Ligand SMILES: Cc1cc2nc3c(=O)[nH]c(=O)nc-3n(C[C@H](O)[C@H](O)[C@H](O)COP(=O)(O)O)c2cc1C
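Single chain ahead, written as structure tokens, the form predicted alone.
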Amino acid sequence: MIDLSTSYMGLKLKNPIIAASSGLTDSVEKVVNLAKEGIGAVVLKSLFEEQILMEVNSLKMNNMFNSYTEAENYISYYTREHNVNEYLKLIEESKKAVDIPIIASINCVSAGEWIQFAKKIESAGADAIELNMFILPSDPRMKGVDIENIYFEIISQLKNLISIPIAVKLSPYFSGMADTMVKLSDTGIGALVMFNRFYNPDIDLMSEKLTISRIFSVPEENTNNLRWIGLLSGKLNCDISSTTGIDSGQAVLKNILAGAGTVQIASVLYKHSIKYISEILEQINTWMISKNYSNINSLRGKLSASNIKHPVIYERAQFMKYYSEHN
């Protein structure tokens, strides 16, 4: 019998597949349904830093419609309709309803008052917190090291406040990628989640307006994950979880072979429904049986840069060989 059980930040998972933070994880009913379909853990839909700050500064919020901009009015309305206390309730009720790890998610860009709210998340019963952080390096006056220090400051303050594991979900936009990832792993966090996927701009030529590009990820986007997970596997002092472009059991296996311990999925479940989880698990089982593997953990990092004869494949960035063979 194939053993798919694994651990993530010290949490026991029956398999390495985690439902990523999304609209698929924003209610107890949806969490229950995901658990029934066999998901290993759930990351609840993100609570935004702005929402927490609005709740903290409730007196200002009461006057929002009279004294702030239209955008800020929208945030105020959203916060009123989705009170942060409802998030705590979601954690509490999800923990009672299922026997899989429940991971809270905070979308943040700064260290500040919102961090105190993490204590309430811990008290509500969350097994861990995932920090979804992205500070776009778009300000030419801001040095890369200054941006990176914000990440470290947030982690440091949070580590001093809570005892549950912390995962940090990051983008690949760092000037010294490997160095930054190693240093982040040395802060005592439980995991690095690679990588964030963002709404990207597009241009509609007919209307000549700025629009949003495709919402769901595609398999091709996962290749960047394989590169960095393969390069960093065995060099980090924390777990690795891979997300973006994972659409099948085969993709799950590739990421684990590169060095990830778990994977997070969302787009594929939107496309095929949550019932596709069982098919992904079956694909994994079928491949492992065909290769005489009995334990999913025996695959982890087998094809990482540290464990293969020609690790330069991970670092090769040019197409010379490809084009020389296809001329």
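What you see is a predicted model, and the numbers here were worked out from it, not measured in a lab. Start at 1 with the first residue shown and count on from there.
The following text describes the form predicted together with this ligand, which does not appear among the structures shown.
Looking at this ligand in the predicted complex, residues Asn132, Arg197 and Ser217 each place a heavy atom within 4.5 Å of it. Of the candidate stretches 284-292, 267-275, 298-306, 34-42, only 267-275 has residues with heavy atoms within 4.5 Å of this ligand in the predicted complex.
Residue contact with this ligand in the predicted complex: Met9 places no heavy atom within 4.5 Å of it.
At a distance threshold of 4.5 angstroms between non-hydrogen atoms, Gly245 is in contact with this ligand in the predicted complex. In the predicted complex, this ligand lies within 4.5 Å of some heavy atom of Ala20. Residue contact with this ligand in the predicted complex: Ser105 places a heavy atom within 4.5 Å of it. Along 155-171, a non-hydrogen atom within 4.5 Å of this ligand in the predicted complex is carried only by Lys169.
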